[in-house]
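Below sits a lone chain in structure tokens, taken as the form predicted on its own.
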């Protein structure tokens, strides 16, 4: 075990743990952002550089600071290490510079992008981005293409995080897409005359941090904050069957995998669950999906509706105990 101090908070983690995961064990605002790292995808990380941190003390044995900022997702902790994340002005300035680079070629199409409201780059730009760009050259553009019958690729939005290639490599035996060309000509695409067609290809949509890979069955149907995300499950022979149903009334507009508080999929789901079961009767509903209050999706207020019902029931119970003899209503099934 190694003891590491991050922004003044000490935590003990197993040897070999990265600085990023040590910070996640502490939690809170000191956790570095991550656009390319994904816990369940082997060898991911080290590409986007937004998780940079400052190592002020290397270890107890060698207290010298590291000469440059390091990528927290690829740097293992050492006993006695002292790390600065949110507390370092140098780190914040570096992250701001990285975001500026990520936005150089990114189109300003958030108002029409299906990823709006659940986009990691949007959140990152809001926290670290500048109000205006200094870039004067022409942005690179690509034509939108279909990679398979369910996935739309909008390469202009891509930040080359490589997550979609890793998930195809590690979930399937038939990856037919990858990064073509080099340098500023690099792009995600399929091999000639090939289309992405396997049982778990839809997970590429879930791991994409921007709107480069979108669900063709959901495109332009609704904004996510106008839908009600609900946890549900079904008996599936291919995957766990545990999903989120994005509902509008009684209609299921989209099915996606469940994610943790860092936006990472907890259990990957198959395409049958994702695309072929859009009827409420196909699923066993567990209850409303908890949405963090810093997300625009929380503006939906669907959880608050249950709280208002509870408040109303408590008021009726008080009146009943005072002698008003109003029959108490049954308790609504509330999410934690």
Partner chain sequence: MGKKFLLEHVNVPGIETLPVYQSKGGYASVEKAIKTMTPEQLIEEVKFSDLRGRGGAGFPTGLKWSFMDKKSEKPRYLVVNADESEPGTFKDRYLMEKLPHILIEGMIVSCFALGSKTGYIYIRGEYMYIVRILEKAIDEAYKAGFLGKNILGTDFSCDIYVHPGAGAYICGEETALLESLEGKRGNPRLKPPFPAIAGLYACPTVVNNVESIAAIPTIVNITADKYNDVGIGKSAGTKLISASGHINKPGIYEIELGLPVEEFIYSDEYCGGIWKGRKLKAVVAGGSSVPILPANLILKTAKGESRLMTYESLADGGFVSGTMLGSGGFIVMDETACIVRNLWTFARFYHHESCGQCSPCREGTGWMEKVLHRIEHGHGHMEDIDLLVSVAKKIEGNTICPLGDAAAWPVASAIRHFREEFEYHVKYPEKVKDPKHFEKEPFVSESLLMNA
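Numbering follows the first chain given and starts at 1. This is a predicted model, so every value here is computed, not measured.
One more form of this protein exists, namely the form predicted in complex with its partner chain; it is left out here, but the text below deals with it.
In terms of contact with its partner chain in the model of the complex, the residue from 113, 257, 188, 94 that brings a heavy atom within 4.5 Å is 94. For the candidate set 98, 265, 82, 171, a heavy atom within 4.5 Å of its partner chain in the model of the complex is found for exactly one residue, namely 98. Shown alone here, residue 219 lies farther than 4.5 Å from its partner chain in the model of the complex, counting heavy atoms only. Proximity of residue 200 to its partner chain in the model of the complex falls outside the 4.5 Å heavy atom cutoff.
Residue contact with its partner chain in the model of the complex: residue 250 places no heavy atom within 4.5 Å of it. Contact check for residue 210: every heavy atom lies farther than 4.5 Å from its partner chain in the model of the complex. Of the candidate stretches 221-229, 104-112, 234-242, 118-126, only 104-112 has residues with heavy atoms within 4.5 Å of its partner chain in the model of the complex. The putative spot formed by 38, 149 and 152 is not touched by its partner chain in the model of the complex; no residue has a non-hydrogen atom within 4.5 angstroms of it.
In the model of the complex, its partner chain lies within 4.5 angstroms of at least one heavy atom of each of the following residues of 117-135: 134, 135, in sequence order.
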